[in-house]
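Same protein, same chain, two forms; see structure 1 and structure 2 below, as structure tokens.
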Structure 1
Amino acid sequence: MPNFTDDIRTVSGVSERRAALYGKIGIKTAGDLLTHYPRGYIDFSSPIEINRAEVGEYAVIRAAVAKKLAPFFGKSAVYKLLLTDENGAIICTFFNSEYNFNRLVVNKEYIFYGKIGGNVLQKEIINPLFITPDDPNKLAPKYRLTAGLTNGIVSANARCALAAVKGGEPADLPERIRRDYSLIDVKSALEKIHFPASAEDYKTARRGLVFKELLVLQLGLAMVKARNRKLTGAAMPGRDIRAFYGNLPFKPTRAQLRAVDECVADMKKRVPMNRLLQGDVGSGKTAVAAALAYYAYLGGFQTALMVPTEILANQHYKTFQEFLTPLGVKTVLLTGGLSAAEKKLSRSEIKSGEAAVAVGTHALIQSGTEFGALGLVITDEQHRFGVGQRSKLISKGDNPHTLVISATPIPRTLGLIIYGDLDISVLDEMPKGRLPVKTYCVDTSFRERLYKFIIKRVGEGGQAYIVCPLIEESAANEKASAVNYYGELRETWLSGVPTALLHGRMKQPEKDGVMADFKSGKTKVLVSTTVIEVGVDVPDAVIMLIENAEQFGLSQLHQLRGRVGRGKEQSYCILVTDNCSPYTKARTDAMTRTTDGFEIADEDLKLRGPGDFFGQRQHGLPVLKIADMSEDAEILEETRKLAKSVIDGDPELTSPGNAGLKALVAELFKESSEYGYN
């Protein structure tokens, strides 16, 4: 009898070949198979008549086997049966499944589920799933599959793997917690989630599993937070930063002042700050970062600001120079695009402490970069970095204060999870005088009008972005290719307008040149891929035209829109797409309805689901297998409180009563090594 942690091959019915298929979808052990939860269920409880089953749709029908036809052995083995009910008949076909063919008995009735093929005169149901009418389990699981696996196979294997639960204990929450929160035990939950007898069964099972998953996750995060509180870093005593505000080219918003104050309060303490700065695109997060760098400088410490792209590094470098150089603070740039000599110079100034601020890309975390006295680590556009990269930069100082900046507003619920180990400051106010960007969605027949509109605005001193999803020619749609599209526009509509091309495969100096010309206003229209997505700031840019808008996610569209509307003029975001799928429409509707990043984020979460919202790689957290952040908000809150109280009482889960929880945390975080549970 297999154990929960035993290899998938120990489950009866799982051959070497099948194990390889399971491997493709990340299933290696019996336990993995059991936590490969169904994505939904086929409801066998209300079958329809054969006559009412529509060709091209999935249907559940109740029918008797009228006769078995002679098998046909061609490229594959084809087994056909004739099924009938009172008013109709349908052919049932199995490919390569003598097993199912043999299981069906002539003259007996079954309930079948499958896609209806053929035509109205002769319908066909191919490789259906079926149960007998007296089967008490009327809900059959549907799984995420890969070619070669079917729902039938996975559910049969899952049934066998349930034996694993009986053989070796799967780890469960302590009895006291299950009692307090009325949760069923994990064994029953696993059985019921795969084979619920009723919707009620399913709900009970799911609640138990979601609760467990969210509790363990939040225990892990609460442990990190508790550990962090025990570290000792550099306390930076109170200093006056009025000179910084005096030198700013604008009046800070109240939200900016509040965020700076919250961070400064943290930085005065020995416990390192561990904070997230959240704010919609254009809310002015860079100025907050610069104020803190100045504060650290006054305390005798260096600041490292890491950003994901060279373009952004260059931009921040210039901004920091503008804000800080007049105050006597030296900022240096360190990116992969610099010449060897330039890099060497930056590194030596960072090491000697002559540079108080280092702005750069991943070059900052390379082994050659050493800091004299790193006291503050800031990562901008946090969602682009893994936790690992952030901790590498942090390790260059002696428990420095850390601030992570995210321009992707995160729904509160998700923020608690992804940034559960951080405190949060929010910029909930836009600088004064900004007009909301007007957003429209049009089809490609509008292109000429759009070009005329761009030419008109450019004539009035404006600038425009045209974003395409791909770099080079794509057969499907050549407008999708920035290179081709640029070439075409130069020769036609925009021949009289200074237009440039920007994409990720260009060499760095080239990119810098293009960007500099666009920022200075020498170039008026920038045709580009999404390299401009992150953080780029050009106040005169008033048009954002997005081609093939259906290719972008909602948050990405919102990010792109954030590139305009930064100055005093009315800005426009125009989504161009001929795609009318409901999913595209849901995104374009959300974009035209609101410019509020938090609302967009909520909508995005609903559309994409939490697993997708931030790829696991990006935040380094374990993947959640069953919990759904928008649906399970209540359990999320319950478990958050519980996790906090457990960790407050036993920060390292060392008491014997918490040993089980500790093991569960280690198990969940086993692939997130940055969290240090193993």
Structure 2
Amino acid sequence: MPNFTDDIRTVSGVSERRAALYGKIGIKTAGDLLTHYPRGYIDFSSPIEINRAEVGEYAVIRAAVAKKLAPFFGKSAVYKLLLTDENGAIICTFFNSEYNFNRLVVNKEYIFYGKIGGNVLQKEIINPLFITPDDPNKLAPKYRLTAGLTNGIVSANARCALAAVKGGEPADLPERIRRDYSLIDVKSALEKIHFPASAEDYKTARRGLVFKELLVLQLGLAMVKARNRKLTGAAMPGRDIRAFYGNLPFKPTRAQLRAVDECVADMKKRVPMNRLLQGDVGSGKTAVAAALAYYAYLGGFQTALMVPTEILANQHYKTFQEFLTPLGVKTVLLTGGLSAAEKKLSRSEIKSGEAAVAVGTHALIQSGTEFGALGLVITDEQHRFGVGQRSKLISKGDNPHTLVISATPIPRTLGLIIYGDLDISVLDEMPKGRLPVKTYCVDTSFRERLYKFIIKRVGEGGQAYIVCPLIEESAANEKASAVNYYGELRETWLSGVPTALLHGRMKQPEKDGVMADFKSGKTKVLVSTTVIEVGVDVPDAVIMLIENAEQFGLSQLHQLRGRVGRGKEQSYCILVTDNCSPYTKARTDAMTRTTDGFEIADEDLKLRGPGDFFGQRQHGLPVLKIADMSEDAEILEETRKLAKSVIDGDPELTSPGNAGLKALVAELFKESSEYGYN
């Protein structure tokens, strides 16, 4: 009798060969198999007549086996049967499946599901799934598969595992929680999710499993947040920062003032701030970061700002100098591109405390970099760093305050998961005077007009990005490629315009050089893949032309659009696609309708689900197996409140009544070492 944690080969019907196939999709134990949830169901409850089944479509039909034909043995073994109902006939064909051929009995009725082939004169159903009319399970599960595994095989193995598993499964939710929230036990939920007798069965099972998954995840994140409440060595008493606002070349927005106030309130406390600053492109996140660096400086502490690339480091360094130097705050730069002498000087000034602000790349976390009194750690575009890298920087101070900055708007529901261990401040207001980027969607027949428009705007002092989905063209893919596109434009339309190429296979110094030339205005048109750096500020860039726009995610399109519209001139984003599918139209309609990144993010979540929406794996978070943030917002909120209540009363889940919950958290986070549960 296998346990939940036993090898998949202990399940009846799983051979060595089949175990290897399961391994390809991450299934190694009996428990993995039972938590490999169906991604959908075939509904056998409403079959149609054979004459209504359309060629080329999948259909569910009810028919009797009229006759078995002689098998044909060639490269494949082909087994055929004649199926009939009152109004028609259809050939049923199985390839290499004598087992299914033998299971079907002549003169007996079955319900079949499969793709209809053949033609209107002689239809054929190929490799169908089938059940008997008296089968109580009219919803047959469909699973994520790999070559060699079928829905029938996985379903049969799951049934064996359910019948055989006697113990070792992770603890269930405590009975008090199941009772208060009307949840069925986990064993019943697993049975009903794989073999629901009705839609109601499925809903009940799914609610129980989603609730459990989200509660355990949020308990783990709440424990992280509770553990972070250690005393900080950088508690900062109240300081007046009106001088900072007075030195700004613009008036801060209400959203910026609110975000600064929220962060300052945290930085006054005896526990470290752990906050996310989230805002759309151009909402003024850098100014908020600089205000907090000034507040830390007044309290006698240093600030470290770590960014993913040298271009961004140089850009932030100049901005911080502009904001802080007049106030007597020294900012230094530390990147790998500096000379040995420059690095030595920067490190010396950081260690002595002469430099109050250090802006840099990964050089900040190297062993040779020491801080005199690090009180505030800021990471920009945090998803580009591993959690361990942020921890290394934090370790250079005495539990300093931390601020994570992201220019990637994400829906609030998903934010609660991805940033569950952080408090969140949102910049939901744009500075006055910034013109929204005008967005249009056109087909390829407009290309000549688009090139003329680019040439006209470049002649007026503007710059343009042209983004392609591929680096090089291949015979198998006709989508626009950056290399071919660049070569063609240089010889034709843009032969007289300074144009450069940027793509991911270039070495970093080469990329930096290309971006530096574009940023300085030496290059007027940049043909690129999506490697254009988030946050790079080129005020004269007024056109973003995106080829094969259907190839990009909605949030990705919005991020690309954010590369323009940073100056005083009207900017344009033009999406080029010949794709007319409803999915593409829904995305391009959203892009032309709004420039609000949060609205875009919500639309993106609705259209494609959470998936790897914001690189959850980079955050070390466990992958959710059944919960869907776009569908389960209500359960997410329920479990968030419950997790907070449980952790407030028992931060480490040490009470006997919470032992099961602690085991569940440890199991879910066992591969997430940065969260400290393994």
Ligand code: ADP
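So that the term is clear: the rigid core is the largest set of C-alpha atoms that superpose within 1.5 Å between two forms. Because the structure is predicted, anything quoted here is derived from the model rather than measured. FYI, numbering is relative to structure 1, first residue = 1.
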Item to check | Structure number of the form predicted in complex with the ligand | outcome: 1
Checklist entry - Any chance the CA of Ala197 moves 2 angstroms or more between structure 1 and structure 2, core superposed? => result no
Checklist entry - When the two forms are laid on each other by their rigid core, does Ala265 show a Cα shift of 2 Å or more between structure 1 and structure 2? => result yes
Checklist entry - Can a Cα shift of no less than 2 Å be assigned to Arg103 between structure 1 and structure 2, given superposition on the rigid core? => result no
Next on the checklist: Once the core is aligned, what is the C-alpha displacement of Gln302 between structure 1 and structure 2? Give it in Å to one decimal.
Outcome noted: 4.0
